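Just the one chain here, the form predicted alone, laid out as structure tokens.
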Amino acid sequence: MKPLIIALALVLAAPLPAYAHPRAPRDLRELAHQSGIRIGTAVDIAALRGEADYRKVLNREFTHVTAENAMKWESVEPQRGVYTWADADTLVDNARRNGQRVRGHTLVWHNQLPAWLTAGVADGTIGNDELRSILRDHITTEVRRYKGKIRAWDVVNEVVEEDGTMRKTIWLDRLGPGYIADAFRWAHRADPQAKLFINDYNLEWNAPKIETTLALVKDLQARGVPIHGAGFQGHLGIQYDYPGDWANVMRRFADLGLEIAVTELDARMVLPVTEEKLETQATYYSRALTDCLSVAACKELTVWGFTDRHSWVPGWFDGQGSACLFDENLAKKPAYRALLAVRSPR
């Protein structure tokens, strides 16, 4: 019996053959479970309601969702004191039914503000003290409504300019830089369990923006302000180099004790589409996921829309498009398959 025991021990000690390793994921939801991060998308609410094929792919593929526009201030309070929650509620309810977590986007931004607010500030009928109260009430009302239903909030969005100065907005001009700390404190008070993020674009590579944002986070932390995460939007263009130091930048924020998220990933191209461009795009998506997986604190990768049918890119970048994982007909592009091929080091 002794030779048999030795032989059995040798078999058990041998490395598993390649075919014994976990199989490749079938879809993005399975990839999320295997890799241990949430994989999400921004959601077009009209498409969610009205397009069965869109809804099917959304609920099959993603474990995390963000309202593309439905939670922005002009959407939820188009008239002062008159709230329209139907679109945001639709997103949250659909997420609950389909096992998805939700990112709230966004509480404080300089864009997509309601006309009553910007006009009142411009003509002087809303003074600075009242403006601060309005901001506090907006944050408190929205966060309380979804208390326990929102995993993370983009509390302040795009507060740093490309040159590293603080962005000139009605909030900075009228309330001073303290509005940022106030926003985090008010949001935390309204839902102490939600993760609270600072979110910005070009934070992947722009050195002045990176340094100012790091300094801002450190200042907030030193003052005891509840800030839990940093969001990298990740709006990339394949005509530009991939931000090759992105993982190291993530680590600098993670070293401050922050959770990291890629919040708005896409990779646009100059049209027309070619196979070569699609393959380049695929490498940008796979590298972004690889970078996230290489940083233990990176817990989420969200794309800013999953189908070219409803992409924001053509409306903002003349002559560019095809930025998403699925085409207009919801066919999977090489970028989708490239994501499934990424193997997690975790």
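Position 1 is the first residue in the sequence shown; the rest follow in order. Please read all numbers here as calculations on a predicted model, not as lab measurements.
Same protein, other form: the form predicted together with a small molecule, not shown, and the subject of what follows.
Even though the small molecule is not shown here, does W109 get within 4.5 Å of it in the model of the complex, heavy atoms only?
-> Heavy-atom contact with the small molecule at 4.5 Å: present for W109.
Indicate whether the small molecule has at least one heavy atom within 4.5 Å of a heavy atom of N69 in the model of the complex.
-> Within the cut-off, so yes.
Wondering, does H105 line up within 4.5 Å of the small molecule in the model of the complex on heavy atoms?
-> H105: yes, in contact with the small molecule in the model of the complex.
With heavy atoms only and a cut-off of 4.5 Å, decide whether H235 touches the small molecule in the model of the complex.
-> Contact with the small molecule, yes.
Would you mind picking the one in D182, E259, E158, D191 that has a heavy atom within 4.5 Å of the small molecule in the model of the complex?
-> It is E158 that has a heavy atom within 4.5 Å of the partner.
In the model of the complex, the residue from E142, E77, E204, E264 that sits within 4.5 Å of the small molecule by heavy atoms = Residue within 4.5 Å of the partner: E264.
Of these, 295-303, 310-318, 51-59, 29-37, which stretch puts a heavy atom within 4.5 angstroms of the small molecule in the model of the complex?
-> One stretch meets the cut-off, namely 310-318.
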